[in-house]
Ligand code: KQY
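A single chain, nothing else alongside it, follows as structure tokens in the form predicted on its own.
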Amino acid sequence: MSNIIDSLPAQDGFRMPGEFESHAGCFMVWPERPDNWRLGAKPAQQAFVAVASAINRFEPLTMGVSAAQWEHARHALPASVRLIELSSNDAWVRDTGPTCVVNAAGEVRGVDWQFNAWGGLEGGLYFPWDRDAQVAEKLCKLQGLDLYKAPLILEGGSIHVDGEGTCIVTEECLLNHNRNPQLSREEIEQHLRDYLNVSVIIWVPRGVYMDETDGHVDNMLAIPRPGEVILHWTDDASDAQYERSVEAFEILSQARDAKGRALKIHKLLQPGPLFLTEEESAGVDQVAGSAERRAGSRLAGSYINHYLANGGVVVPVFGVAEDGEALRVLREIYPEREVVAVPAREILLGGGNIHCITQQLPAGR
């Protein structure tokens, strides 16, 4: 049984836990739209299988699949992955799925944010997005979770929390006029306090250069544990990313979290930079209303866009020189976890990466 709760998570004693806390499982959604994924999404599907298989080693994984793709996905995925029939417009469950909150008794509920495909008719990445807007409620009902309907256009990739009262976001995304133009910064902050049960909100100015989500925080930084952040970085002062990373470092260096701690900042070098090739661009169907995949465009590649599973870290790699150093740094940051590398350029070509295509279900009773 799943009910819509007419109150606020914070009032009810629920908080969003950190991703590093224990999970009951993970959600993903199968990619198939040919105007976003090249070659009919076949290469992307192979990458999704690799991500799902890696995560499924550490925790249960549920894959939402359209009726048309059911048989193919069942054949491609490990038998231990649970498949559910789920209508969607695309596969970005971090942004369309529920943000789950928990209370001290171990009860889990979902938060269903409003969704407009990263900007609606003003910069959004596809139209329509009606089925994506239903994904969070459907997944909550599948799990039997009560849910809150939040009056805020927000994507799960645009928030990071430490589970102890701190939330980090970017101004580039949350203050973008294509999300909630009627709301002030203070009103947006109040919604975050109400629905995530946080007391301190740290605003980083911008996300990764050329991130088509308008600078999602989950491509720019990660929270490995309370009191620490991992920051997307480049030492190349001539690179377009440099100024963005430096300004974020300065903000984070001066910040204090909800417990009054200064943050320990780990710098993680960016891959590349990476660019879309002619061949990759040619494999994408050009459809009105969908984001154009133009050859030569810079890709917002980032090792930050990884997923924390129970005892594991599933990290995107891109077949470039920086991969090895990124994995070395992440093994130092996560000594208690197994770091698993998954080739993920095909996911990046669609506009995001491993964190964007996953959504954790926190452990409860």
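So that there is no doubt, residue numbering starts at 1 and follows the sequence shown. This structure is a prediction, so every number in the text was calculated from the model and none was measured.
The same protein also has a form predicted together with 6-aminohexanamide (KQY), omitted here; what follows describes it.
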| query | How would the site be scored, open or blocked, if 6-aminohexanamide (KQY) were superimposed onto this chain using its pose in the predicted bound form (blocked means 3 or more ligand atoms within 2.4 Å of backbone or C-beta)? | reply | open
| field | Among the candidates Arg206, Arg293, His191, Lys138, the residue which, in the predicted bound form, approaches 6-aminohexanamide (KQY) to within 4.5 Å (heavy atoms) | value | Arg293
| If you check Thr166, Gln270, Ser88, Thr213 against 6-aminohexanamide (KQY) in the predicted bound form, which one has a heavy atom within 4.5 Å? | Thr213
| Met16: touches 6-aminohexanamide (KQY) in the predicted bound form, heavy atom cutoff 4.5 angstroms | no
| said: Using a 4.5 angstroms cut-off on non-hydrogen atoms, would Gly25 count as touching 6-aminohexanamide (KQY) in the predicted bound form? | reply: no
| Should Pro9 be counted as a contact of 6-aminohexanamide (KQY) in the predicted bound form, where contact means heavy atoms within 4.5 Å? | no
| Is Asp95 close enough to touch 6-aminohexanamide (KQY) in the predicted bound form, meaning at least one heavy atom pair within 4.5 Å? | yes
| Taking 6-aminohexanamide (KQY) in the predicted bound form, which residues along 333-355 bring a heavy atom to within 4.5 Å of it? | Gly350, Gly351, Gly352
